[in-house]
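Take a look at this single chain, the form predicted on its own, given in structure tokens.
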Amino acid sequence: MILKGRVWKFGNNIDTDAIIPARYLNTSDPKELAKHVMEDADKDFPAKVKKGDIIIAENNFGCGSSREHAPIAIKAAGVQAVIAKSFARIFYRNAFNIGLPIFESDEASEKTKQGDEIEIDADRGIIKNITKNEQYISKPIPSFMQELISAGGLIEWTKRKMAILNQPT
């Protein structure tokens, strides 16, 4: 899987309240959540983010509460991947459960700038900064997790597996 997009940069400890403020959790509609994604970290982000963009942050991205609304809002806004030095474990799992690819890379976090164009080879764990003509390493996504992403998340993956199992022989 190859992903290519423009970078949005964020710092350390971006918690789930910064990703999708609690005041908007009266809905679970992804389109409504996307209208407010990251607005407490960057008030202009919801208006400026474009489909295919990529978020890069520092340490502990997605810390705080365990709500799935955070990765749902990011994905619904059109962000195709998140790269950080580290992720809160519950955010990490929730992201894969809803089909949002995430990557851990110290180098990409430290060396990219907002607006850079990057390309991610998810199979090999290579991130290319096209703007700077540099290459960084990330932990590759295991094949099972790539299956979850390709299916659109855990629920869709499960539906596909169940359909296969229920086919007449």
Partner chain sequence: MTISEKILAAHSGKEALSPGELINAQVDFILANDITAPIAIDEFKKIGTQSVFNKDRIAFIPDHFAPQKDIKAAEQCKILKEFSKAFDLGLYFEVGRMGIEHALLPEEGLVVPGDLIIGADSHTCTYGALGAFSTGVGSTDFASAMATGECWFKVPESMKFIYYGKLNKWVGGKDLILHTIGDIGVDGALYRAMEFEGEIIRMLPMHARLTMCNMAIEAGGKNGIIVPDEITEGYVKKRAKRKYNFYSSDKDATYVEVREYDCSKIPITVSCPHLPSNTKPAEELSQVTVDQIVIGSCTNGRIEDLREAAQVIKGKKVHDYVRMIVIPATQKIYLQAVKEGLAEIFINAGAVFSTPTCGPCLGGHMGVLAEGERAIATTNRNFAGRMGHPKSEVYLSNPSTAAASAVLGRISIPEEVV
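Positions refer to the first chain, counted from 1. Bear in mind that the values here come from a model prediction, so they are computed numbers and not experimental data.
Note that the form predicted in complex with its partner chain isn't included here; everything after this is about it.
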query	finding
N26 within 4.5 Å of its partner chain in the model of the complex, heavy atoms	yes
Its partner chain contact in the model of the complex: A151, any heavy atom under 4.5 Å	no
4.5 Å heavy atom contact, D40 and its partner chain in the model of the complex	yes
T131 within 4.5 Å of its partner chain in the model of the complex, heavy atoms	no
Check all three, I2, G11 and F45, heavy atom within 4.5 Å of its partner chain in the model of the complex	no
Among 45-53, 105-113, 62-70, 121-129, the region lying within 4.5 Å of its partner chain in the model of the complex by heavy atom distance	62-70
Interface residues of 76-100 toward its partner chain, as seen in the model of the complex [heavy atoms, 4.5 Å]	S86, F87, A88, R89, I90, Y92, R93, N94, N97, I98
